[in-house]
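Given as structure tokens, the chain that follows is alone and in the form predicted alone.
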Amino acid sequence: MQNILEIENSVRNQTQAGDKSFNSWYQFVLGYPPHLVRYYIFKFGIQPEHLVLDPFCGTGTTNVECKKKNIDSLGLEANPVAFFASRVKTNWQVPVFDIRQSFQEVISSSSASLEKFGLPENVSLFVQPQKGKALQIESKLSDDQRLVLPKDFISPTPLRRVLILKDCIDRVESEPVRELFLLALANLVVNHAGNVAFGPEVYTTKPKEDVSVLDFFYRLVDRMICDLGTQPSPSGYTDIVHGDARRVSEFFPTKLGDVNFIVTSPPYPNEKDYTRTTRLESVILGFVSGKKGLRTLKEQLLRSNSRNIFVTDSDQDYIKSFDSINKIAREIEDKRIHLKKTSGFEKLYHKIVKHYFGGMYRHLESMKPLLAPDARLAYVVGDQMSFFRTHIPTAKILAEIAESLSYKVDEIELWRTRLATATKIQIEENVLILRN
């Protein structure tokens, strides 16, 4: 097994060419690569008789890699579109015959519907849609959905095409097949139809006046079919649950004391709004339907940015005795006052630090009942300098919190260095390794 530190730093966090199967169905831009998971499977000596949990599972990288190696795994994720992606990517029991049959029906009905509503597509010869039944009504986003969809994330005509395709997918009777197609649609929306890019923040690109959707959709689903047709057999059992990682033990009541290993990466304390990163596909697929739903989603997330801090939050109460955290929070607030920064977001910066580490305290405490004796945990976390260039040694502070909860700190292993946006200097991203 190749040591992760032998991979060039600049490409260490990128998915390698041989790791596309299942993982490429839909990936979160801020996630870690499959080879990192494999490295810890090797380093920890994880075997099929063990149980792995990823309590911040994102789009399921840990769970997919475990499944490939016939290792049982659990996943917990609070973001609904990421949870959906993880669940679909780890369901390898969908019959390929059913997918192909429904696939042709969706392509045919979509082609007929696009033509009916004045949006015909010149598709490639390999698509060759048969004559299908067109939709009767063309759907539109609701006013509530438009309120939470950032301006210019998708242009009007591509949006029309995407919604027509979604309506045709929604008519598929088989739920597993329908969900597979919807995940392909989420990929299409982000990587083809929308005006979004990541660097690492999500931003709008030059508007696309129009795009074709059927060719791109066809290629995505064809890739899924190929992956399912060549899946390893047998494969590990996987259970993905939607929930708040600060209460992780509540979601797996039958697994108390059974979890042998954790491989995960929680959000970092910074100004990245993770709900905005997935907002386009979340709205189009119906996971976020308005401001009320968006707030409910944010309330389930670890407090890591100023857009999901609420007046009723109390996570900071769990870390009052940690001088290291209080010192950083005071330094941030002193800098804000010195620099005369008065925006509402900036006034929350010092609170983010306290609520973030308080939330992680709650998470690590909640993990305890699930862990088997001598369980090992790997947390990929990055140092931060987002708040007035104040250095936050994330792994070091989490190690201090873990020790207060009777975890043993085995080591803090360097994963890579990366360029801090605020300071333009290299800061560390580490893997905190704990033992129960």
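The first residue of the sequence shown is number 1, and the count goes up from there. Please read all numbers here as calculations on a predicted model, not as lab measurements.
There is also a form predicted together with a small molecule; it is not shown, and the following applies to it.
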Note to self: Counting any non-hydrogen atom inside 4.5 Å, which residue from Arg246, His355, Arg161, Arg87 sits next to the small molecule in the predicted complex?
What the structure shows: Arg246
Notebook entry, point to check: Of Phe28, Tyr407, Phe388, Phe44, which one comes within 4.5 Å of the small molecule in the predicted complex, counting heavy atoms only?
Noted result: Phe28
Check: Taking heavy atoms and a 4.5 Å cut-off, does Thr59 contact the small molecule in the predicted complex?
Finding: yes
Item checked: 4.5 Å heavy atom contact, Tyr32 and the small molecule in the predicted complex -> yes
Check: Heavy atoms within 4.5 Å of the small molecule in the predicted complex: does Pro266 have any?
Finding: yes
Check: Heavy atom to heavy atom, is Leu302 within 4.5 Å of the small molecule in the predicted complex?
Finding: yes
Item checked: Location of the small molecule contact in the predicted complex, chosen stretch of 173-181, 222-230, 342-350, 293-301 [non-hydrogen atom, 4.5 Å] -> 293-301
